[in-house]
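Included below are structure tokens for two forms of one protein chain, each presented in isolation as structure 1 and structure 2.
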Structure 1
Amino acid sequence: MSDTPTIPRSSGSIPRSSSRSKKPKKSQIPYAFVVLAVITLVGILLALQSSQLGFFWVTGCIFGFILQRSRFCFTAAMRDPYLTGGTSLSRAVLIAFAVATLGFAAIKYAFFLRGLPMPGESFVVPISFATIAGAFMFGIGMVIAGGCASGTFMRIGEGFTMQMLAVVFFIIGSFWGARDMGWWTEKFIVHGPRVFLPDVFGWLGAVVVQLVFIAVLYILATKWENRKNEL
């Protein structure tokens, strides 16, 4: 057995990784001014061609900014309760549905009272097997891609390359769907019933039924999150 003493390693030695000085983060403010200038220039050019184009550009930029800052995503609202148990986004979506219900009901009812065609009336389409099949395929696709249409475009602005690939297939799927739309309409869609809640419950009843349904979902989402936190 060797009698050579073992020299202990100093406990105060500094790890190599921590001894390296961190590089200061580059300021993003100059890039922000450049982007703002480009957005303003494009908005002016579009407004000179058409005031409607300019309005769409401004509202689109505002909507994209709100989406990015709030991380608002329909995919996460449906996915997070199962993966993480969190329902904050789910409840935010439900609140948005409730506000939209009141706003759109008021707009449509105003047109109804004046005997004018209601906005969005053409979007009351029949419920059929195509609805179920489309919802199923879209649900699988948006979970694999990590976002729905709005979330995908928002993340492209953040530089996510996977979302860029998702948009390519999003466009391919849209063209493919448009190509086969006639077949789906003839075989399934036209045979389904059209459901417009004011025709069933009346205008006030339709609003009450929808708001109650949203409130029930909101309560269930809250209970689900509390239950997951207790486990």
Structure 2
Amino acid sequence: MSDTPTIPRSSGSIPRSSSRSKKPKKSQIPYAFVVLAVITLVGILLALQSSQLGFFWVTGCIFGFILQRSRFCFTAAMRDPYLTGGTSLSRAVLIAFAVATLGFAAIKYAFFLRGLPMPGESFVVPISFATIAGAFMFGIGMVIAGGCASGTFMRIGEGFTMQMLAVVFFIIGSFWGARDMGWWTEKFIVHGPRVFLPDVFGWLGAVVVQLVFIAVLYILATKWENRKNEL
């Protein structure tokens, strides 16, 4: 892996003429504990209403924490191979896909074996021109707005006013899309096939095909990064 787990502190070995006088820094950790107390309180209040609400709140906080701590960014994973030549985030996203594929397949297969309806089947959606157009629009939007949906929420937490504005227009765009959904459904979505890979390759086959495909993409991403390096 080319990404470094820790960033070494400045050792001051590079000679510089300009230097910003360092202000004595205030610790923000007390505020962090206030936020943690609020998170806990909200979690308790929600859990008293329904355990489902409480669970969603807590996992949301965990996702936000992980995204911020690792600077994870799905936008950069898609954008950087072209724009900056870096693929370390793209490769990390591929690892996330591989790990989640195993977890999901295990859960779904367990339900399948018992003849129960599999969880999350509503995420196997029809493939149509709406998928293509929507993904393309989303790709343009996330790069110019500097973050996708999860990234935008994470950056609001980091204090970006630009992303606060972006989320307002994300809502307007979503609402607009929802208004037109009838048209898209009638014209394209109803004609689109739902393809669940185990139906095509069998359970083991689907997992193997997907993991091999992810591994090929990973190798290509590594080669792409090195090729760019030599230029």
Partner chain sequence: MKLRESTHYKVWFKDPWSYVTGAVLLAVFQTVTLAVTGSPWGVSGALANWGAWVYRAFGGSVDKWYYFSSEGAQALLDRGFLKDPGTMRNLGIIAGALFAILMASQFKIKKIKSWKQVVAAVLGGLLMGYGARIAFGCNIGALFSGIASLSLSGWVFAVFLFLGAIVGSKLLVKFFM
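Predicted model only: the values in this text are computed from it and were never measured. For the two forms, the rigid core is made up of the largest set of C-alpha atoms that agree within 1.5 Å on superposition. Residue positions are counted from 1 along structure 1's sequence.
A.B. asks: Looking for the form predicted alone among these two structures; is it 1 or 2?
C.D. replies: It is the first structure that is the form predicted alone.
A.B. asks: So, superposing on the core, is the move of residue 64 at the CA at least 2 angstroms between structures 1 and 2?
C.D. replies: No, the C-alpha moves less than 2 Å.
A.B. asks: Can you give the C-alpha shift of residue 55 between structures 1 and 2 in Å, rounded to one decimal, after superposing the rigid core?
C.D. replies: Its alpha carbon moves by 2.5 Å.
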